Structure formats: structure tokens, C-alpha cells
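So this first bit is one chain, no partners, the form predicted alone, shown in C-alpha cells.
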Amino acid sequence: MDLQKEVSWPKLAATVLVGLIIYFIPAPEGLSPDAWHLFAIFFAAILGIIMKAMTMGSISIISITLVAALQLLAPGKASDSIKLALSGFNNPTIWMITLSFFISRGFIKTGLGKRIAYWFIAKLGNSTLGIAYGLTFADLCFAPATPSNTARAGGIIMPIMKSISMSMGSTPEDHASHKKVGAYLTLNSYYSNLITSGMFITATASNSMCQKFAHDLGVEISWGGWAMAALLPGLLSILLVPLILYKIYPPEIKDAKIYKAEAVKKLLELGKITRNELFMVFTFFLLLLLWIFGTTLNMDASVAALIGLSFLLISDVLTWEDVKSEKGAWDTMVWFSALVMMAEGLSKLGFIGWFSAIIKNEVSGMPWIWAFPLIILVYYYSHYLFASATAHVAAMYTAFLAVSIALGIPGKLAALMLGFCGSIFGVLTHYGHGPAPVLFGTGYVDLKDWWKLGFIFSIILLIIWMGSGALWWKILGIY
């Protein structure tokens, strides 16, 4: 293995140095040394992820090792220390998101993903705006059962979007042709991906982290509860964002009837829907039903995911080789387990309560109706500092939710909006969420335009989600 591709030694050295400095600083008053030492490891892990000193998986394994070796979660008890350090792997939420990765592979393997995308384009593709909506609605169809929004964007949407753009004379190599259609469709695909990612717990990995951290603070959010809360602001965003982008960053080519005919041709080439595609459709709707009515059926979401995967394996839609080769799933399991374990440890050792009390004192006396948007804005725009939604959620979600609850903000309201931010704040930068490098890497959008429009749409999305959401969540009784 080429270590230079795996490890950035200067960045790793800087990460270790920062971690050691924090570790050997005496614990602040009111905080135990074990809590402070765990924070040092946690902070260094987040810093290493942000700086890309090593891969997330490598950083996570090292973090688990340090927590176990230093016996921070069970001082003086070696056997208990290793059990607690590895406790994340026993978490049903982590298994649910891992299983969903395997299930989402079926969309790509069977070709169902392409069929759905081309179908929407064939129906809506009279104009470039119609194509944008077609790609958006296709993404929405895949989102509930595709926890890797990077795979959704890179494996299904981006190849089709790029093919459409090139067929309309907009090629990555020719800078003058970018704004014909490629630049518009690229940004729209990215923004739409983030919107759909926010609409379902299973649409991106960090949502499940939010659900788990909220549970640890006594706030319960079901799959159906999250989806219902996101329904109105999510659908409004899906309907408005492509149109607003079309107005302020318009494609030069508006008429797309020729490509609509091409989409119809692609559908004909795919032929009749196959046996495996039908099994995939059945599994998809089965999972939705089990996730939506899981509480009524007394069934955990992880069990539903196991049922879905088992059916795909029995029906031979997926093979065990497919499961073994899904590297993203196993990678997610490792880093997810490590971050959740450390975040839970910080809470149990009193660090989150200590930190929340400090922030609470700074904004004490402020009515929660004013404190709530302030907390959201700070959490949202701090994402400029993060190259990973996962790192951001792991580092700040629990603390900000704890502060919100302490200030009297309804727990479920704060937990949900902070969770939704975990997707939509990705619009800010070209590195802010998993799909960003994939779509920015097509070369259609200049960095200046990406950041400028990202800031504009960060405001637009906050207005949509906080504005329509306030009314919708009141109707639902969330606050």
C-alpha cells in the first residue's frame, strides 16, 4: 500500500500535537480528567478528519484503540474498557444504516435507478428546467433507501446528468460551453441531493447519528416522525430551488425536446422491466412500510433493514459477494461506531453537560423563540469549517441540542432542525458534503460561482425550512 495516499504525515503530526497539548492541559474545574482526556482524543479525531490527515476509518480505529488502552470509559477495568470502546458496533442504529447501504446497491446493480431517472426525464424533459425536475424527482425516489447520498449522486444521478449535458453541447473540456446546460444541472443536482438527504433518516448517514444523539438526550425521533416533519419544507424546496436557480443562474439552452426523445430511446433500450427490478421495487416499498409503521408493528428499523436485505439475498438480486464488496458500508460501520462511542462517552462522563452549561450561561435570559434561530445560524454557518457533515454532527450536534433543551427550546423541535441542517448546510462549499466533490469534479461550475450561489441558497433554504417549517411543525404538535 502507498502510505502517502493513506497518510498525510505533516497533517497527522499537527493533529497528534494538538491532541497531546489538550490531553496534558489540566482538566477545567468541574470536569473529570477522564472526560477531558476523552475530549482530547475526540477533538484530535475530528481535526484529523477535517484536515484529512488519514482516512476516517484509520482515524476511527486509532481512536478506539486509545480509548480502550487508556481505559477512559472504565478506569482500572481492562475487560470493561475494551467492551465499551467497541460498544458502537453493537448499536442497532449503526447496523441499520450499514444494511441500508447494501440494499441501495440493488438500485445500481439491477439498473432500476437509471430506468427511474430516464422515465422522469422522458415525462418532464421538454425544457432544461423539466430535465432538472426529472433528475430531482428521481433522486427523491432513491433517497429513502439510499443512506449514501454520495453513491446516489455519483452512481446514478451524475452520470445521467453529465450525459445529458454533453449531448446538448455542454462539455467539461470546453469552458465556454459550461453554461449552456451543464453548470445549471450540476448545481441543481447537488442542491436537490442535499434536500432529499434531509427528508429521511435513511437518506444520508449523519441523520442516523442525529437520531441516536437525540435519543441519548431523551428526545425520540422515529423514521416516520422525521419524514413527516420534513415533508412540507422538503417538498417546497424541491419545487422552488430548481426554479429559483433557473432564474438567477439560467442555462443558455432552454429547449430540451431533442433530449426528451433521447431519454425515451434509452428507456426502449433498457427493455421491459426485469425480474430483479421487480424484486427491487417490492423490497423498496416493503421497507418503506416497515419503517413508517415500525412503531405500530413493534419492529425496530434495523430489523426491517435485515428483512429487506434477506429478501434481496434469497431472491438472488444481491449476492454475498455484493455485500462483501460494498466498501462504503463497512467503512461507515467503523467510523460511525467510533464517533458514536466517543460522543456517548463524553455525555456519560459529564463533558456535554459541562460544555452546555457554559454556553447556556452566555445566552441565559434570552427567550427561546429568539435563542432558537441564533443557535441554528451558528450551527449552520460553522459548517464552513468542516469538510464532512459527519464530523460536524459528531462534534457539535449533541452540545447544541443540549444547550437548546436547557434554554427551554422544545427538544424535538431543536433535534429535528439541527438534523435537517446536517444536510442542507452542505450547499455552502465545494467540500461540505459527500456529493460535493463528485459534482464539483465534473468541472462545470467555477469555484467562485459554487461559493457565491451556495451562500445565496443557504439563505433560501433556511427561509424555506425555518419559515414553512415553523407553521408545519406547529400543526404537527412538535412544539
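So that there is no doubt, residue numbering starts at 1 and follows the sequence shown. Because the structure is a prediction, the values reported are computed rather than measured.
Unshown form predicted in complex with another copy of the chain; subsequent notes refer to it.
Asks: If you check in the predicted complex, is S127 within 4.5 Å of another copy of the chain, heavy atoms only?
Replies: No.
Asks: Taking another copy of the chain as it sits in the predicted complex, is L476 near enough to touch it, meaning that at least one heavy atom pair lies within 4.5 angstroms?
Replies: No, no contact at 4.5 Å.
Asks: Taking any heavy atom pair closer than or equal to 4.5 Å as contact, tell me whether D316 reaches another copy of the chain in the predicted complex.
Replies: Answer yes; at least one heavy atom of D316 falls within 4.5 Å of another copy of the chain in the predicted complex.
Asks: Could you tell me if T429 has a non-hydrogen atom within 4.5 Å of another copy of the chain in the predicted complex?
Replies: Residue-level check for T429: no, no contact with another copy of the chain.
Asks: Indicate whether the candidate residues S364, W368 and I409 are all in contact with another copy of the chain in the predicted complex, with contact defined as any heavy atom within 4.5 Å.
Replies: Zero of three within 4.5 Å in the predicted complex.
Asks: Could you tell me which of 202-210, 156-164, 78-86, 253-261 sits within 4.5 Å of another copy of the chain in the predicted complex, going by non-hydrogen atoms?
Replies: Result for this chain: 78-86.
Asks: Select from the listed residues I64, A35, I41, C421 the one whose heavy atoms reach within 4.5 Å of another copy of the chain in the predicted complex.
Replies: Looking at I64, A35, I41, C421 one by one, just I64 meets the 4.5 Å heavy-atom criterion.
Asks: Out of K327, K265, K348, K123, which one falls within 4.5 Å of another copy of the chain in the predicted complex, going by heavy atoms?
Replies: So the residue touching another copy of the chain in the predicted complex, by this definition, is K327.
Asks: Judged by heavy atom distances of 4.5 Å or less, which residues of 302-335 approach another copy of the chain in the predicted complex?
Replies: Those in contact are S302, V303, L306, I307, L309, S310, L313, I314, S315, D316, T319, W320, E321, K324, S325, K327, W330, D331, M333, V334.
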